[in-house]
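Here you get one chain, nothing else, as structure tokens; it is the form predicted alone.
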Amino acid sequence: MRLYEYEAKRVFARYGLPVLPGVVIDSQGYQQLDKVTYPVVIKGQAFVGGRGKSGLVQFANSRDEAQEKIASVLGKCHGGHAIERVLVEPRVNIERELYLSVIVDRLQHRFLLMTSRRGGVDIEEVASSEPEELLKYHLNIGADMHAFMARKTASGLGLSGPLLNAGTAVILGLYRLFVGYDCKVAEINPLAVTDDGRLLVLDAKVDLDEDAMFRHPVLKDMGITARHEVGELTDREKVAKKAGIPYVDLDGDIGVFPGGAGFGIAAIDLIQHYGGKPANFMDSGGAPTQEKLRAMLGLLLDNPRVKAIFGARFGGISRCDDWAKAVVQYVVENKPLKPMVMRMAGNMEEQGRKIIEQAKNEHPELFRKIKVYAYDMPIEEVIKETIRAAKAEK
């Protein structure tokens, strides 16, 4: 679960990391502006990056100017979601920007500390085009970071004198925060060296393990509770969440109606491999009810961007006849016009096929654009046909 910048900085402050004093303002009013010292920087709060390039980072030299700039940011759409809060902090003069993060390296099953002397908005480009500028240090799960290790890392960032001591403290604090709160990611970008010789956290990113939050009641005291990032969900994702359906909107035009999460991911890869664009990720879970299956179809067919549906059901714990009944009932009741190309195999397949064939005979017009293949049709061919059907609908 990702935190907003202002939430991450509250967590940082508990570990003694040098964050600036700031206030959070929403549409309820601007009274908090009386508490800040000008000039200030105004930052729209969003989980999606690229805020500076999207006009969500503004500067103001007075209260009136700050209020005007805040009004221009609140409500602005970024990454498909409206900005509901801004963080207002004192503006500082930056001499140089550094990068610092701790993540879980899932390939090596170890913690990974990453640093760079080239922090700031283009760190992703630096990591891609000049990977030698991103230094990496692995630590075993559960291992402590000793002061000498942090000091050596800070020295590698080009810090010396009082800044070396300050950098050592920041690195130790960030690592201990990462371990202490069961984080997936803890990042400072940039870690700024100011013209008056201070080391300051100018932006903070924290991704928590939601399943471990019960171990940290202090987070609840800070107003941070498990939320599945509801504020950043699309309308369909909110509906799916309420129905208990794992679902993520993508930007394509082929609805994916799979059996399980693993095959759902594989289907997305195959659709892209053959030149199509998936519209979603979805997981039905084991032995889904017909009500759940119909709700899953509704999410896809109600999406105006979806031109065709790819579906597949391998009956194991679940039954093909239940799946077939759900498809038939949804089609008869809702009369969708979009083509659906699917494949059914496994447990109760023969019974499922009889249900589909009977429905086709009774409602030929409704099932004119619906095809359900058997196990002998390669899944790749089903996907290719779905892509052709989507293109034909444009």
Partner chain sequence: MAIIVDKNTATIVQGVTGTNAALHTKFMLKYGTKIVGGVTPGKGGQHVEDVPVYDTVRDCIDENPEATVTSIWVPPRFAKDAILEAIDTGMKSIVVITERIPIHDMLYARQAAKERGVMIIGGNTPGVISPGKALIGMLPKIAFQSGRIGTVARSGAVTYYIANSLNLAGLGESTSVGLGGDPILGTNFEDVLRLFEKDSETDAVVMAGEIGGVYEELAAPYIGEMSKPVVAYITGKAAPQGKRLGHAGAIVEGNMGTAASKIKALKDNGALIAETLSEIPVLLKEALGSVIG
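This one's a predicted model, so the numbers in the text were calculated from it and none came from an experiment. Positions refer to the first chain, counted from 1. So that the term is clear: the rigid core is the largest set of C-alpha atoms that superpose within 1.5 Å between two forms.
Quick note: we don't show the form predicted together with its partner chain, though the next part is all about it.
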Indicate whether its partner chain has at least one heavy atom within 4.5 Å of a heavy atom of residue 218 in the predicted complex.
-> no
Does its partner chain get within 4.5 angstroms of any non-hydrogen atom of residue 262 in the predicted complex?
-> yes
Examine residue 106 and determine whether its closest non-hydrogen atom to its partner chain in the predicted complex is within 4.5 angstroms.
-> yes
Report yes if any heavy atom of residue 152 sits within 4.5 Å of a heavy atom of its partner chain in the predicted complex; otherwise report no.
-> yes
If you check in the predicted complex, do 33, 72 and 332 all have a non-hydrogen atom within 4.5 Å of its partner chain?
-> no
Contact with its partner chain in the predicted complex, heavy atom within 4.5 Å, among 235, 130, 195, 269 goes to 269
Have a look at 243, 121, 94, 112 for me and say which one sits with a heavy atom within 4.5 Å of its partner chain in the predicted complex.
-> 112
Stretch in contact in the predicted complex with its partner chain, which is absent here, among 293-301, 179-187, 84-92, 195-203 (heavy atoms within 4.5 Å) = 179-187
Counting only heavy atoms, which residues in 120-158 are within 4.5 Å of its partner chain in the predicted complex?
-> 123, 124, 127, 134, 136, 140, 141, 142, 144, 146, 147, 148, 151, 152, 155
Is residue 123 among the residues whose Cα moves by 2 Å or more between this form and the one not shown after superposition of the rigid core?
-> yes
Is residue 268 one of the residues whose C-alpha moves 2 Å or more between this form and the one not shown after the core fit?
-> yes
Determine whether the C-alpha of residue 279 shifts by 2 Å or more between this form and the one not shown once the rigid core is superposed.
-> yes
Compared with this form, is the residue 274-residue 107 Cα separation smaller or larger in the predicted complex, the difference being 3 Å or more?
-> farther
